[in-house]
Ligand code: CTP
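Let's start with one chain on its own, the form predicted on its own, as structure tokens.
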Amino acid sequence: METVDTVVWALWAMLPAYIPNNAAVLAGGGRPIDSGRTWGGRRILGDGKTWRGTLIGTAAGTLLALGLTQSAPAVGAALGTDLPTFPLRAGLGLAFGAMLGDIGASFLKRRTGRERGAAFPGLDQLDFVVGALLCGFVAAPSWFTATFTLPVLVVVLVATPVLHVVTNGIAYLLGLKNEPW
């Protein structure tokens, strides 16, 4: 696989994981997963992690995976490259894993005394990637190992933090986020 093809493949393969947290924010509000409970004097997760957001985010990523599967042949032909398709289990695993990764990061932030929205470099950019990759592997191991080869994983781990910083900066400048990270 050529370098450009690898980058396109990697980004396409991660789209079902890139979308859920954005969809969760747009869903907005709802009952916090931790129901306001604390541990060690700090919220377990905080108000930003809700059941509604988790459900909407997971559904959005899974539906996107199904749509990508349908459009992969035409888009791949237009781009002159092959694109991965997503069995339902893979799409669900990537989407739900992205949400779990972000929830896990919130837990770690609260344990380290960081408030909602506080920066945690590295974790903020890769939390959902780790969750998505782990759940994607558990949900569809054969698909995962065929899709996420070592070069593809390298692209994902290098490109995602850059994309995260750029898209969050744009959202901040447009007034869609309260902080640029």
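Computed from a prediction, not measured in an experiment: that's the story for all the values here. Numbering starts at 1 and follows the sequence shown.
Unshown form predicted together with this ligand; subsequent notes refer to it.
Using a 4.5 Å cutoff between non-hydrogen atoms, Ala10 does not count as a contact of this ligand in the predicted bound form. At a distance threshold of 4.5 angstroms between non-hydrogen atoms, Leu15 is out of contact with this ligand in the predicted bound form. Contact annotation: Glu179 falls within 4.5 Å of this ligand in the predicted bound form, judged by heavy atom distances.
Proximity of Val165 to this ligand in the predicted bound form falls outside the 4.5 Å heavy atom cutoff. Checking 27-35, 136-144, 62-70, 151-159 against this ligand in the predicted bound form, the stretch whose residues place heavy atoms within 4.5 Å of it is 27-35.
Judged against this ligand in the predicted bound form with a 4.5 angstroms heavy atom cut-off, the residues Asp5, Thr85 and Ala90 are out of contact without exception. Applying a 4.5 Å heavy atom cutoff to this ligand in the predicted bound form picks out Leu45, Gly48, Lys49, Thr50, Gly53, Thr54 from 42-62, in order along the sequence.
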